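One protein chain, two forms: both are listed below as structure tokens, the first as structure 1 and the second as structure 2.
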Structure 1
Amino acid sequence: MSMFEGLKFRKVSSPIHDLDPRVKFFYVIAMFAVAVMYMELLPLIVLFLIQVPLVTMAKVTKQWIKSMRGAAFFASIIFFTNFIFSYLYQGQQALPSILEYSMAMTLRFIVLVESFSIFFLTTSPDHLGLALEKSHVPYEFCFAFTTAVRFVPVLAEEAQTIMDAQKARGLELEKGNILKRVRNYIPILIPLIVNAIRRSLELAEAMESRAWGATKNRTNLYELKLRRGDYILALLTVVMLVLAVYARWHIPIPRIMEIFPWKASR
């Protein structure tokens, strides 16, 4: 739960929230590409650190820390599998470099989560829908998409209430063998699904009684427009991409243990 909590949009006003979702998405993709390009620890540390100012600028530090904490579990799995397998493969003498390699792989994952978390924490579903519309996706799909995103927290909350209601009738979820445990979830899934269907029918009725789809040419109250901040972020992203590609091919990247020799001497 806590990991999703760290990806849930919060309405705050900040320069990052005001950015165009398309530019932010471009940024996330660029981050992704750069993170995948490097296997060395040093550039990944840089990637991690340059995103921190964005987080503080967006005033979402608390939620961001939550998402990082949620990612910690998966991160530790990635670290240990990498470590164990390269240890088995390369043997003991390369221990420091194995350690650095596993850390780099872990950090790569963390950088990805970090940029996705910034994106989802600062982009409202409405903006996302608008961006889809601008990208010529049919309006029906955009609407379905934003509605789905909207209802995720509602569903999560409802699932909790249903669980409470069934526990109050003596249901014990963690009882019995595997098969029984799966079956224990039926009293929770059925009301959840029935309510979701009922709600969607009601939503459809409510929308139709408010003349949804009555006019062919829809206009929006809020128009997405590229502003100065968007151009700055786009430019910075392009610069980062170019630098990263250049550095990849032309600059040998030192290992951390070469920079700090006391570690290497062990």
Structure 2
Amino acid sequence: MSMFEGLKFRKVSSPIHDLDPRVKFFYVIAMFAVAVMYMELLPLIVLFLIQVPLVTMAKVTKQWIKSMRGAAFFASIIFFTNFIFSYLYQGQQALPSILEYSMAMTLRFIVLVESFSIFFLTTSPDHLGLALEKSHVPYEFCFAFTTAVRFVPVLAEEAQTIMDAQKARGLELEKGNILKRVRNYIPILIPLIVNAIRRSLELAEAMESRAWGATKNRTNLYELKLRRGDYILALLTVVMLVLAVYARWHIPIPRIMEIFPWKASR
């Protein structure tokens, strides 16, 4: 459940929190495009490292580490899946080459989780919904999206609380075969679903009591304005994207095993 910590906004005074959500979302999309563009390990390592200063500036290092730790399980699945299938269907390749390819695919996933974690940790749901609304997205979709962003971490924490309570009552989740483990999660899913339905009904009643949707002329408490920091981040993102595209088509990207051939020869 710690991976969902990266979806929970942390209210901290930092330069990254003060940035416009639209600019930060543009940065995330650019990181996603560059990460998908490369299959080599070296540029993906660079993409991972250049985001670490943003985490430090945002003062959310502890929560970011939790999200990375939570993504380790899915990263291990991606690594072993790529390694096994590459070894079975591309057995003529050298083992270090297959290992490097599997690590690159895993690091690509980690880079994506890293960038989205920075975005959600530093962007409040109110500002995110306002940014979508300013981008001419229908308000109903904005409200549904921001509500989901708010409640995903809440449901994750509630699921962990239910698991701890059931373990205290003697429920063993880690023992038995796969089918038994799946059945053991039924006492966790039922109260979680019931609480989610109860919370959704309370939210619907609160919306009706406030006459939600009665008028289309809405006012907002906050106003989004681009500042100097937003222009700087947007410029750096465009430069990074242009350099990445240029390097992809005009500069040969060496592999780690080519830089350190002595490792491949052992």
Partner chain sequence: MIEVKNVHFTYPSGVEALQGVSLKIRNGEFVAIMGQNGAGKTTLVKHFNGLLKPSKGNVLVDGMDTRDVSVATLARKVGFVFQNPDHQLFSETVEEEIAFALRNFGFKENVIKRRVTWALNLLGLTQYRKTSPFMLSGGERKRVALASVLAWNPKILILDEPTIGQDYGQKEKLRQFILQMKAQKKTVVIVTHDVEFVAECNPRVVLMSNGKIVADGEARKILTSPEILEKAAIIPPEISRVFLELSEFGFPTNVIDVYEAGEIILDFWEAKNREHV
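Keep in mind it's a predicted model, so treat the numbers as computed, not measured. Residue indices: 1-based, along structure 1. Take the two forms, superpose them, and find the largest set of C-alpha atoms that agree within 1.5 Å; that set is the rigid core.
Between structures 1 and 2, only structure 1 derives from the form predicted in complex with the partner chain. The candidate at the hinge, the spot where one rigid part hands over to the other between structures 1 and 2, is 221 among 221, 168, 174, 178. Between-form comparison between structures 1 and 2 treats the chain as two rigid units and finds the smaller unit turned 14° relative to the larger, from C-alpha superpositions. Core-aligned Cα shift between structures 1 and 2 at residue 213: this is 6.9 Å. CA movement of residue 185 between structures 1 and 2 equals 8.6 Å, with the two forms superposed on the rigid core. In the core-aligned comparison between structures 1 and 2, the Cα atom of residue 150 sits 3.5 Å away from its counterpart.
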